[in-house]
Each structure stands twice: as C-alpha cells, then as structure tokens.
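The data below hold one chain only, encoded as structure tokens and taken in the form predicted on its own.
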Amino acid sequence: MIARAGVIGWPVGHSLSPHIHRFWLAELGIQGRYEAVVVPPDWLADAIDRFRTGEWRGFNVTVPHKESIIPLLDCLNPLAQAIGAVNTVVAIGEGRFEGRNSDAPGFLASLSAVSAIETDRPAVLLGAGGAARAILAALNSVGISEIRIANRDRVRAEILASSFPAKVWDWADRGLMLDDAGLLINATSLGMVGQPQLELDLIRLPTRAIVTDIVYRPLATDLLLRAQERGNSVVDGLGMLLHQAVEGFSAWFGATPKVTQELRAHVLAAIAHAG
C-alpha cells in the first residue's frame, strides 16, 4: 500500500506543505502521496474518522483546526500537550492517532542553521498567538535565561506567560525590551503582505543579536531588512516552515529528509508562482 499523508485546513489551497513533502518524496524516490484536503470546521470529526482506515500515515494540521482537533485525537505527545496546539498527526496503529507539534523544534532548527543561540542573554518575543506559544515553548526548552514578551493585547500576553516563564511588557515599551537581548522574534502578523509594518526602533538592540520573523510573505520583511542593514544576523520565516516539516515526513514515510538550498529554491518558486 502506498503511504498516504496530507494537510487539512479551511482554506488549505494556500498551504506550501504539498510543495515541501512532494519535493522530498521525489528526491528520496519514495512511493508516497501527499495531498491537500479541504476540511471545513463542521466536517472535522467526520474527516478524522475517515482517516482512521489505515491507509493514512498521518497529516499536517493548519488553521483553523490546530486546537479544535485535540479532543478528536487518541493522545498527544508532551510538547503538543504543553503548547496546546497540534500541527502534525501521526498514525500509531489500530486506527489511533497521536498529535504532535513540530513548530517548536522547527523554530530552533531554523535558528541553529544560521547561528548558535545565546541562552545567557534575554530573548524578546513579540506576539501571543499560536506561533508565539510554540516559540515560547522552544525558548523555554533550551533554557533561555530571560524571556520578554509583548503583544498589542496585553491580556493575551499575560495568558501566554501564565503557561511558560516570561516577563510581560507593555506594547508601548517594546523598544525598551531590546536592551542586551540576544534574540528578537516577531511572531505577529505585522509586516506581512496586506498588514501594517512593525514599528520598532532597533537602536537598543545589540548588533550581535539574531533577528527573526515568522512572516515569509514577503520573505525579506521591513524588520529583517533594517536589522540586516545595521549588522544583525537575520532568519526569515521560511526556515521555520521548512524545518517543522521534517518530523512529520520522517514519521509518515520512514526517511529523514534534509532542508537544503534546493528545497528552499523550490518552495520560493511556488510562492512566486502563487503571487
């Protein structure tokens, strides 16, 4: 039987996951299938039941199902449990599914590909959504000495900080948060195509700090361009997307793929073609 996997969401046509996994299937010569499956919210439970036939090795989960899928699964691994969201589902036998979250390790891998993370210096995280939650779990897992978080809605930041060690700052003070930081992460939608730019004065940010943005449309955001111009190492949002895909592919198809420049070029071409 040909191994089958995919991605579910509503909508799902924008997902780059098929381009990533089909590239690896072809590169590694694996007879497998990876497809995008449109699943409206009220179809989610029925869809999961259909996937339990044994033909499906698992699937990725995108918006709006990352949290609502949890009660429909048989178990969660500890990281997904801590984050409270699932982006990867793996069949574990007898029609049972385990929920995982590969965003956190994907984030760390994307940073490590560029530079070592200085755990003894503060990390600054902007945002308090699902991606921010995964990133906060990642920062906590490597023992960052101090994590500073700010969000336009402070209450959401405080809710997030109640689950993981982090100091909440007012959004108006986000420039002051940069003192002595070793890492700056934009996990908001600011800077994305169709959204306002992130207004942030970088004057207090040490030039040795890494600056990363989870946005990949555009790939070079205003934040990254300004940081690079002043000498900071920068990591764009495509790295996290590519690295988070490794865990699922390995579980479904039995081979561990590599994130290469060829894969990156392939996905960038897909982004350009989509406009």
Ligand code: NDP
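One rule holds for the numbers: they count along the sequence shown, beginning at 1. Note that the structure is predicted; figures quoted are calculated from it, not measured.
The same protein has a further form, the form predicted together with this ligand, not shown here; the description that follows concerns it.
Q: In the predicted complex, do 5, 8 and 47 all reach within 4.5 Å of this ligand through at least one heavy atom apiece?
A: The answer is no: none of the three residues contacts the partner (heavy atom, 4.5 Å cut-off).
Q: 145-153, 200-208, 116-124, 89-97: which one contacts this ligand in the predicted complex at 4.5 Å, heavy atom to heavy atom?
A: So the stretch in question is 145-153.
Q: Taking 4.5 angstroms as the cut-off for heavy atoms, does residue 39 touch this ligand in the predicted complex?
A: Although this ligand is absent here, residue 39 would stay clear of it in the predicted complex, with no heavy atoms inside 4.5 Å.
Q: Even though this ligand is not shown here, does residue 235 get within 4.5 Å of it in the predicted complex, heavy atoms only?
A: Output for residue 235 is no: heavy atoms all beyond 4.5 Å of this ligand.
Q: Considering non-hydrogen atoms and a 4.5 Å limit, does this ligand approach residue 187 in the predicted complex?
A: Residue 187: contacts this ligand in the predicted complex.
Q: Using heavy atoms and a 4.5 Å limit, would one call residue 192 a contact residue for this ligand in the predicted complex?
A: Yes.
Q: Between 138, 183, 131, 85, only one gets a heavy atom within 4.5 angstroms of this ligand in the predicted complex; which residue is that?
A: Result of the distance check: 131.
Q: If you apply a 4.5 angstroms heavy atom cut-off, which residues in 212-241 are near this ligand in the predicted complex?
A: 214, 215, 216, 237, 240, 241 sit within 4.5 Å of the partner.
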